[in-house]
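Before any questions on binding or motion, here is one chain by itself as structure tokens, the form predicted on its own.
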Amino acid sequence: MIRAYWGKMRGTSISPPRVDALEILFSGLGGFLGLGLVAFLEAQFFQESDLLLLIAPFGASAVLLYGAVKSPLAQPRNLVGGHLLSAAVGVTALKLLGPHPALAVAVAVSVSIMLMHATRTLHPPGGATALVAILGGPKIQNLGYLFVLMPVGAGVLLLLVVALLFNNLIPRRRYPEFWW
């Protein structure tokens, strides 16, 4: 029994196939355009305000949206639902458990995972969004539930629009595979 347990850790298949240079270029260009737009808009309109538009989990979303276009985790339902649910859970955990950040983090991420599974919106960067709501500092924490709309909702929608426009310009790509 112990041998079987440790044997599971060997894996069951070979490494993923290599992608060609053009696919690598398209993935990088998509990430540049998506995050570049969000960062540009943040610099133009939000830098002097108490609002944000760019948060770290968007970098991980960009990897999925522009580098793993066919992945179920990269589809609009997962992108939008995963981030919004996790943002709301993170803010709620902060409000309920703020004096205990370690507990708030553990609760926020675990509840986010369960809700994303239950709603079929699993998007791994959503877990990071829940963390940002708690650990993002006073500027983010002071937003309260506004965090769900801004930066999360607005940023996710910008990334989605760029993914729709950019990925479908490329003949070998089609995005999305499904909406809802």
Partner chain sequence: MSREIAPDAGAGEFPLSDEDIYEAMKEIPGYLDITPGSFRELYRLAYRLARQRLFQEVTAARIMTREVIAVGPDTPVAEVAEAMGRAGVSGVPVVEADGRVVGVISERDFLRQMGSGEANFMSLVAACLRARGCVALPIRKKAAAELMSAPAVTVHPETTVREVAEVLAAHRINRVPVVDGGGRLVGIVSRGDLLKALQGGVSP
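Keep in mind that what you see is a predicted model, and the values were worked out from it rather than measured. Positions refer to the first chain, counted from 1.
There is another form of this protein, the form predicted in complex with the partner chain, and it is not shown here; the text below is about that form.
For the partner chain in the predicted bound form, the listed stretch (62-70, 37-45, 110-118, 128-136) containing residues with heavy atoms inside 4.5 Å is 62-70. Of the heavy atoms in residue 14, some are within 4.5 Å of the partner chain in the predicted bound form. For the chain shown alone, residue 19 is a contact residue for the partner chain in the predicted bound form, at least one non-hydrogen atom being within 4.5 angstroms.
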